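Okay, here we've got a single chain as structure tokens, the form predicted alone, with questions on binding and movement later.
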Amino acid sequence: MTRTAHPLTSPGKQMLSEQVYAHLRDAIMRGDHAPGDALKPQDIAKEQGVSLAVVREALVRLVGEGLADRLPNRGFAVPAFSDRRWQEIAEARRTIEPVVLRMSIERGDVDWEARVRAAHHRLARTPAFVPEDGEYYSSAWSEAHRVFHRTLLEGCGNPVLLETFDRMWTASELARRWAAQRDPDRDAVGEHRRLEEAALARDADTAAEVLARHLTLTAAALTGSSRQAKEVL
């Protein structure tokens, strides 16, 4: 007896869901949808020419990444912007990432060192701002920035911790797209250089301290309190 592939697991549906997911993710990260905007499955299905099931699958995936919220009435929306939300994300990152960095420094091999050096070189050589992106960080710099921070942690060898980092990073990037503009008083280049130097020197205490400070300044920038943070630090 020949079995017919279930429509929910068919390759065609998975491909469509992936396309809709990528479209929605890019639109949200670009700021095409304002914080708190409803993401209506019916409208998205009509716009993309796909079924409601395909759209819901894509939206559930976005919820899992922190790029959408599931509402009590079973609808979906772009996360609302609030200082409390991003402070919670920042607290989670400051709690977890320095610990994972210590593990990475302890466990990372020579190949990890080479990847860290290469990722920092790419970041340092990528312009943070380009005319077409206005006051916001360029897409190329944002990706180089993500790769550098993730590479620092990859020496830990724990995929569960890295998946946690990925989710927190995505949420932080969404906040950055909405709020992070130029901060002429911040020496981000120096912060990243010190991170690389401490990690490659296997100085876990300094690396963890530099990373915690870096994350504190980032969180302050997203909540409009960067001057207060610098005074504290």
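Heads up: residue numbers just count along the shown sequence, starting at 1. All of these numbers come straight from a predicted model, not from anything done at the bench. Rigid core (definition): largest C-alpha set, two forms, superposition within 1.5 Å.
This protein has a second form, the form predicted together with another copy of the chain, left out of what is shown; the following refers to that one.
J.: Can M15 be called a contact residue for another copy of the chain in the predicted complex at 4.5 Å between heavy atoms?
T.: M15: contacts another copy of the chain in the predicted complex.
J.: Does at least one non-hydrogen atom of E173 fall within 4.5 angstroms of another copy of the chain in the predicted complex?
T.: Heavy-atom contact with another copy of the chain at 4.5 Å: absent for E173.
J.: Using the partner position in the predicted complex, report whether L52 sits within 4.5 Å of another copy of the chain, counting heavy atoms only.
T.: Contact check for L52: no, nothing within 4.5 Å of another copy of the chain in the predicted complex.
J.: According to a 4.5 angstroms non-hydrogen atom cut-off, is L161 in contact with another copy of the chain in the predicted complex?
T.: It does: once another copy of the chain is placed as it appears in the predicted complex, L161 has a heavy atom within 4.5 Å of it.
J.: Taking another copy of the chain in the predicted complex as the reference, which of A77, M103, V147, A128 has a non-hydrogen atom within 4.5 Å?
T.: Here the answer is residue option M103.
J.: What is the one choice in L153, L123, I89, V116 with a heavy atom within 4.5 Å of another copy of the chain in the predicted complex?
T.: The option sitting close enough to the partner is I89.
J.: Where does another copy of the chain sit in the predicted complex: which of 56-64, 201-209, 42-50, 26-34, heavy atoms within 4.5 Å?
T.: One stretch meets the cut-off, namely 56-64.
J.: Is A201 one of the residues whose C-alpha moves 2 Å or more between the shown form and the other one after the core fit?
T.: It does not, since the A201 C-alpha is displaced less than 2 Å between the shown form and the other one after the core fit.
J.: Superpose the two forms on their rigid core, then report whether the C-alpha of S51 is displaced by 2 angstroms or more between the shown form and the other one.
T.: Moves: yes, 2 Å or greater.
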